[in-house]
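What follows is one chain in structure tokens, specifically the form predicted alone.
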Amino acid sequence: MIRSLPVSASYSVGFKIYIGLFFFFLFAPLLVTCVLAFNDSMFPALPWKGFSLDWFVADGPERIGIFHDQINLASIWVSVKTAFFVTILSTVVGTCGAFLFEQEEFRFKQFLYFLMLAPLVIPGVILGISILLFSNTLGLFFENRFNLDIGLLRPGFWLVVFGQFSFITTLVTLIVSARLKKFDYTLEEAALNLGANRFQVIVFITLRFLKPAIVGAMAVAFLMSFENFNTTLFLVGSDATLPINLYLQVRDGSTPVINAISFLLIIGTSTLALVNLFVQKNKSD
């Protein structure tokens, strides 16, 4: 649609209704979840039975709030640790991948680029099963052939990290590449002509230009890792991440403590997003 062209009144009303319904559909479930986190009920659903903070601060025996729920707190910590290592690995490798694919043409570049995008096309369930079968097969090979028991190949923390790293790295590469395409390489040439070495050029010019994209990619990588379920489900060991733990609770029947966890996550991510917008706005000013 060309904005300068006149539109009918019915179109304007229909467009506004569409926008309203879209955002209602998007935010209504989140709002209901936040409200039910304060519901004085033993069930994580309606009807409303009064306001209560028990699902945040209660310490039993009938009710245990999230701040005293050791199982959920432990799963949150596992998710944070997993997301931390995935973010570091994905950012380093993804940024290097962006530099690689933005170089001049080299042999098999398009084929390698296609392989990089493959984890985004493959469903997370298939990816998780494939990684599990590969690690089990490789682990049995080393055990039978060399009598070596490699813990990294068993379902557990590090297998989850490497499993998530396998596809989150692609996202980081795409984000950084989009920023790198706008880079003016004559700045590097000028710095080299003025006496800077290659390392100084990369650190003080190229990476400084890429800083917004790298920070944004790190945020995306952390959130993608923290909330990942499909791939993690097949790779997790005895220490469950938060999405896996919540799934087990919902499947077996749970209390509104899951709403309390969701409320805290919504508030936390929203606060980080607002802080990021505020910082970016100050930098632009």
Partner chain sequence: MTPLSRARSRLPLLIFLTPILLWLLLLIVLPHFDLLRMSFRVENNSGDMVWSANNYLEFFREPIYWLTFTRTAVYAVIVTVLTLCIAFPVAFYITKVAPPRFKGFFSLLLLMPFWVSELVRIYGWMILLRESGVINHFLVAWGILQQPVELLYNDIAMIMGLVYTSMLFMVVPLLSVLDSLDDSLIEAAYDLGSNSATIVRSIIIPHAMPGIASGSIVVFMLSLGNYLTPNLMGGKNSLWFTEQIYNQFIASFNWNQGSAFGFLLLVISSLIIFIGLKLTNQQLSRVIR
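Here the rigid core means the biggest group of C-alpha atoms that line up within 1.5 Å when the two forms are laid on top of each other. Positions refer to the first chain, counted from 1. Given the structure is predicted, the values throughout are model-derived calculations rather than measurements.
This next part talks about the form predicted together with the partner chain, which is not shown.
Participant: Judged by heavy atoms and a 4.5 Å cut-off, are I66, F209 and A240 together in contact with the partner chain in the predicted complex?
Facilitator: Spot residues vs the partner chain: no contact at all.
Participant: Under a 4.5 Å heavy atom criterion, is K181 part of the interface with the partner chain in the predicted complex?
Facilitator: K181 belongs to the contact set for the partner chain.
Participant: Would R154 count as touching the partner chain in the predicted complex under a 4.5 Å heavy atom rule?
Facilitator: Contact with the partner chain, no.
Participant: Check E102 for me: does it contact the partner chain in the predicted complex (non-hydrogen atoms, 4.5 angstroms)?
Facilitator: Output for E102 is yes: heavy atoms within 4.5 Å of the partner chain.
Participant: Does D40 make contact with the partner chain in the predicted complex, using a 4.5 Å heavy atom cut-off?
Facilitator: D40: no, not in contact with the partner chain in the predicted complex.
Participant: Though the partner is not shown here, which residues of 130-164 have a heavy atom within 4.5 Å of the partner chain in the predicted complex?
Facilitator: If the 4.5 Å heavy-atom criterion is applied to the partner chain in the predicted complex, 130-164 yields S130, I131, L132, L133, F134, N136, T137, F162.
Participant: Core-aligned, is the CA shift for K81 between this form and the one not shown 2 angstroms or more?
Facilitator: Result for K81: no, shift under 2 Å.
Participant: Core aligned, does the CA of Q110 move at least 2 Å between this form and the one not shown?
Facilitator: No, Q110 moves less than 2 Å.
Participant: Once you overlay the rigid core, does the Cα of L171 travel 2 Å or further between this form and the one not shown?
Facilitator: Comparing the forms between this form and the one not shown, which are aligned on their rigid core, L171 does not shift its C-alpha by 2 Å or more.
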